[in-house]
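One chain is shown next in C-alpha cells, namely the form predicted alone.
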C-alpha cells in the first residue's frame, strides 16, 4: 500500500467513528466535507516518510498518527476560514465549511475534528501506550499555546508581530509535529527532528506568501491577496518577490542538510526535493518579469 493510500484509509476510518444513527447528520457531513477530498496531505506524508526512514516497526501507530495530524490541520483550516478570522469563501477549490454548512456548524465541525484527532491517538494507545502518549504530547504542544497553531493565530491580534515566531507557530508548528511524530511513532527520539520540521514549515510559509501574491484564485483554490487585505506580515512584504524566492531556495537547501542520521536518510532527501518541486517551480514560472 502506498503512503497516500495508507493516509486516506486511516483518515476515512477515523472519521467513520464519528458517524452513527444517533449523530446529527449535517454535522457528520461537515466533518467529511472538511477533510475530503484532501489537499496535498503534505504533513501526514512527511510524518509517514520519517517513520519509514526510521524503520516503521509499528505501521498501525504511524497511520493513526498521520490521520490525527491531518485531522488537526483540517480543523485549523475550518476555523481559519470563519468570518472572525479570514472570512474566506473558498478552501481547496470549493466553498469553505461555514459557507457550505453555516457558521455554527463550522465552529462545531472544527471543534469536533480537534477532539477526533486526539481520540485517534487514544485508541492507538493499545498498540504502544508509551509512544501514543508521546504522540499526544507532541500534537498538543504544536496545536496550542505557547508554540502551536493557536499561538500563530493569536499573533494576528497583536499590535506588534514577531514575524519569525508568527510563522513558526502558525505554519511551522504542524510541520515540526509531522517530523517529530514520525520519529516517535517509530520509537525514535523526536527532538533531533525539530529542525527539519521547522525548515520545511518555513519553506511552506514563504511559498504560501509568494503564491498569495502571484497566483490567481482558481490556481490557489482559495482567495488570493489575503495577506495584503488583512494587513498581515509576510515574506513578500518584508523581502519582496525576488528576496522571498531566494529565501525559499535557501531554506530548502538547509532542510536537506538538517536531516538526522537514519536508515532512510537518502529517501527523506528525495522527499524534501519533491516537496520543493511542488512549491518552487510554479512560483518561479508565475514570477513577473523584473
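Fair warning: this is a prediction, and the values are worked out from it, not measured in the lab. Positions refer to the first chain, counted from 1.
A second form of this protein, the form predicted in complex with a further copy of the same chain, is not displayed here; the remarks below concern that form.
Taking the partner from the other structure, a further copy of the same chain in the predicted complex has a heavy atom within 4.5 Å of a heavy atom of residue 23. Proximity of residue 79 to a further copy of the same chain in the predicted complex: non-hydrogen atoms within 4.5 Å are present. a further copy of the same chain is not shown here, and in the predicted complex it never comes within 4.5 Å of any heavy atom of residue 244. A residue is said to contact a partner when one of its heavy atoms sits within 4.5 Å of a partner heavy atom; residue 248 fails this definition for a further copy of the same chain in the predicted complex, lying far away.
Stretch 151-159 is the contacting one of 203-211, 151-159, 184-192, 91-99, since its residues have non-hydrogen atoms within 4.5 Å of a further copy of the same chain in the predicted complex.
The putative spot formed by 137, 146 and 165 is fully lined by a further copy of the same chain in the predicted complex; each residue has a non-hydrogen atom within 4.5 angstroms of it. A heavy atom within 4.5 Å of a further copy of the same chain in the predicted complex is found for exactly one of 64, 54, 31, 255: 31. Out of the listed residues 42, 262, 236, 27, 27 is the one that sits within 4.5 Å of a further copy of the same chain in the predicted complex by at least one heavy atom. Using a 4.5 Å cut-off on any heavy atom, the residues of 108-124 that reach a further copy of the same chain in the predicted complex are, in sequence order, 108, 111, 112, 114, 115, 118, 119, 122.
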